[in-house]
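First, one chain by itself in structure tokens, the form predicted alone.
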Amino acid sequence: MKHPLRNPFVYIVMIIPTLILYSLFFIYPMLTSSYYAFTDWNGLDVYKFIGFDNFIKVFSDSDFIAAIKNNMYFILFSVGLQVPLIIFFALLIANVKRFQRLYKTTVFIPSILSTSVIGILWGFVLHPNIGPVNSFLGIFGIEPIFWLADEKWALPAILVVNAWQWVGFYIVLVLAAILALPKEMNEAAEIDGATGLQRAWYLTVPLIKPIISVVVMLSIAGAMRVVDIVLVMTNGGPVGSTEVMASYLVNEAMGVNPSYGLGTAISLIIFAFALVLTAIYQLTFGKTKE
């Protein structure tokens, strides 16, 4: 065979191992989980098919409805506040002439830290008695705030910590897109008299819109599957004020009375929510004009 890469059979043979592994480790577990969502299996005993009972039970629980609302707060915080800050800091670092690599490394470090480490670190920062945040507020005569033990402050505190952990990762993505733009365009706009703010708003941001769209989509997906930082810092408390769908899943599937069937039903609901929200975003704001 003189040109094996021109033979379609060669490509079929090459992708078969990948298809087998994908089916074995993704398709099969997903299908079996989907089935167990309609059973009362606790992970050990014999199970029976119970139809949509798990789904009815979940949506009848006010704690799960509260968890859905908290996930929506994560999405609103990520898209409404976090993404503009990401773009702002990426533009800022892109225009820095000195120590640019130092700034890139500094903002990226939190995203490679273990969530457990971040939880312990911020647990100290937000400590009501010895934490530096309350010590600073005390200068202005503000009484100590129980950031992680007060229903009013626990969720905002976790939103800030979660944003601190991941903002740097997205800044690096946006920064790479900005630095890949031709410098001639910025120089031409500068010669025409455009200010730095005008160049950023009318030139840079529109040109990096595709990567911004990806960042928004990843932020939505991340907000839907957030769980580790919640479990480490508050475990859903106080009084369920920081409970999200994924932490609710963990507590139901591996709690005092574990129910694997109920847990898989919740995982399917989370998957459906993420799929619908991503599709809505792609069909509306995610569209890019040629």
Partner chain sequence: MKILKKASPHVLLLIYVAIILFPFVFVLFSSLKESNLEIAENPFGFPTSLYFQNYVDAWVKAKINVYFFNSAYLATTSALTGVLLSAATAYALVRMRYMKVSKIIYQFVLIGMLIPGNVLFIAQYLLVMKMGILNTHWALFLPYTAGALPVSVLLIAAFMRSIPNELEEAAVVDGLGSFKLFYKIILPLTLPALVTVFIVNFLGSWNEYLLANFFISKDALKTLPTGMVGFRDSFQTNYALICTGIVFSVTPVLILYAFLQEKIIEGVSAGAVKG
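Residue numbers count along the first chain shown, from 1. If you're wondering where the values come from, they're calculated on a predicted model, not measured in any experiment. Under this definition, the rigid core comprises the largest set of C-alpha atoms superposing within 1.5 Å between the forms.
In what follows, reference is made to the form predicted together with the partner chain, a form of this protein that is not presented.
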Is it the case that 191, 203 and 209 all touch the partner chain in the predicted complex, with a non-hydrogen atom of each within 4.5 angstroms?
-> no
Does the partner chain get within 4.5 angstroms of any non-hydrogen atom of residue 282 in the predicted complex?
-> no
Looking in the predicted complex, any heavy atom of residue 183 within 4.5 Å of the partner chain?
-> no
The partner chain contact at residue 28 in the predicted complex, heavy atom, 4.5 Å = yes
With the partner left out of view, is residue 264 within 4.5 angstroms of the partner chain in the predicted complex by any non-hydrogen atom?
-> yes
The listed residue (254, 239, 56, 65) that reaches within 4.5 Å of the partner chain in the predicted complex by any heavy atom is 254
Would you give me the residues of 14-41 that have any heavy atom within 4.5 Å of the partner chain in the predicted complex, in order from first to last?
-> 14, 15, 17, 18, 19, 21, 22, 23, 24, 25, 26, 27, 28, 29, 30, 32, 33, 36, 41
Core aligned, does the CA of residue 43 move at least 2 Å between this form and the one not shown?
-> yes
Using a rigid core alignment, state whether the CA of residue 279 is displaced by 2 Å or more between this form and the one not shown.
-> no
